[in-house]
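In structure tokens, one chain follows: the form predicted on its own.
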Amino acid sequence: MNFEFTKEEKEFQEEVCEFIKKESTPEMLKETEDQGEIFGGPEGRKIIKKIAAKGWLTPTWPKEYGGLDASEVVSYMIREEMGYNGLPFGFVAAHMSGPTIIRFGSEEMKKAWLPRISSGEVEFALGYTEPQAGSDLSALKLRAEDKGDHFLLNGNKLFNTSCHIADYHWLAVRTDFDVPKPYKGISMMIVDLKSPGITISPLITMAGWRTNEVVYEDVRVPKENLVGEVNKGFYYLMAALDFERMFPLGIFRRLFDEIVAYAKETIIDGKPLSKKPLIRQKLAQLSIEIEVTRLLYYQLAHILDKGGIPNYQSSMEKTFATELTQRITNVGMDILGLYGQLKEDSKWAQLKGKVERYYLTSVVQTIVAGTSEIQRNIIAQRGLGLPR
């Protein structure tokens, strides 16, 4: 079986790559690195609006909502090229919330939100985790009381990463406080992050970029911002998580290519590092695993193109890809030796300090969107049919 792109797809891939290179600026690339590759900063918004104007931000969406009616393969290709070339590639609104709205939102909600998302006008931030509700999202407690024409929200969220630069909160709340099965009392809402009563406080990660604690105190949310039906939000949340777990490896694939180039160019004891058998073996193994990830990644696109929503398949790809990011950075550290620990501002730093930065960043990749342990439970139960 041929797993290559068609001639037309390859030409489109080159077009996307050339456009990104032409429109990218040093300021945008630096901003993206500093923010952990998330979207919402002023420089990132400039280039993403240009990409959105071509229909490339949401290419699979109907044309009436700003899409191109293109295949998921095309969409996945664009995301991979964006990550590889240093652009933000984690879009909550376009890649997680938007597809969920398309499947479960009312016609009024689709008309109100999808065009704004597809144009790059607005970005959402995920609002799931709470101090007592991380892996067990059915334990969340942020209260949303029905007050007739609005909901009144009180509680707090934790590790809501892009809230300081996003426009709206894609928020999971509790709307039934006494239901025997907690997951049945959860609803999803879209909340303006500028609403009175919201306090956003920074939490700085070991990699240097910011996540947030968000506190809600008597925050009013209009009823029309409820996603789907009340108390059925857990099902929408699970669908959004399936979309979130589709992990493009582009940025780490770029790092791997740079490590390979470094090994070829760096001479030790009269010969390139790439001639050393142990280094060659490690790089060859990573190359194999990168190709495996590529096939798992595009399998998700194939499932979507057939009308399904990947479930345990998303967990498979997410687990393999994110654990691979750690193997790539570990090999980078091995090859660079002590130089690998240096930050970009050191005159001795190699590869602009990328190995050190992504070594720290890779730690969180196996935690966000569900830990590797949670993913393996999903694969075991839903993929293999094993008992709980």
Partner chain sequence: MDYDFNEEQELLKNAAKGFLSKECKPLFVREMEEDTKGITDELWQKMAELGWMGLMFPEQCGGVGGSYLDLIVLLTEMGYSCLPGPFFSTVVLAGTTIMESENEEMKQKLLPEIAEGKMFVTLALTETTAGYSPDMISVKAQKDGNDFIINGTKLFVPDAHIANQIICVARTKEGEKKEDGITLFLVDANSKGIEVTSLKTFAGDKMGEVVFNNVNVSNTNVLGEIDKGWSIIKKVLQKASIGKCAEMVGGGQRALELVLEQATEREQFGVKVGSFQAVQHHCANILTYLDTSRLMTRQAAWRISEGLPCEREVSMTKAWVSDSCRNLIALSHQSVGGTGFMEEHDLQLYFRRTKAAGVYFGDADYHREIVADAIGL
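Residue numbers count along the first chain shown, from 1. Nothing here was measured: the structure is a model prediction, and the numbers come from that model.
Keep in mind that the form predicted in complex with its partner chain is missing from the display, and what follows is about it.
S287 is the sole member of S135, S287, T205, N231 with a non-hydrogen atom lying within 4.5 angstroms of its partner chain in the predicted complex.
Interface residue among E291, D269, E107, D149, judged by heavy atoms within 4.5 Å of its partner chain in the predicted complex: E291.
The candidate stretches are 175-183, 233-241, 276-284, 216-224, and the one lying within 4.5 Å of its partner chain in the predicted complex by heavy atoms is 276-284.
Among heavy atoms of V16, none comes within 4.5 Å of its partner chain in the predicted complex.
Residue contact with its partner chain in the predicted complex: H302 places a heavy atom within 4.5 Å of it.
Contact between I367 and its partner chain in the predicted complex is not found at the 4.5 Å heavy atom cutoff. The shortest heavy atom separation between E11 and its partner chain in the predicted complex exceeds 4.5 Å. Taking its partner chain as positioned in the predicted complex, the residues of 254-275 that bring a heavy atom within 4.5 Å of it are, in sequence order, F256, V260, K264, S274, K275.
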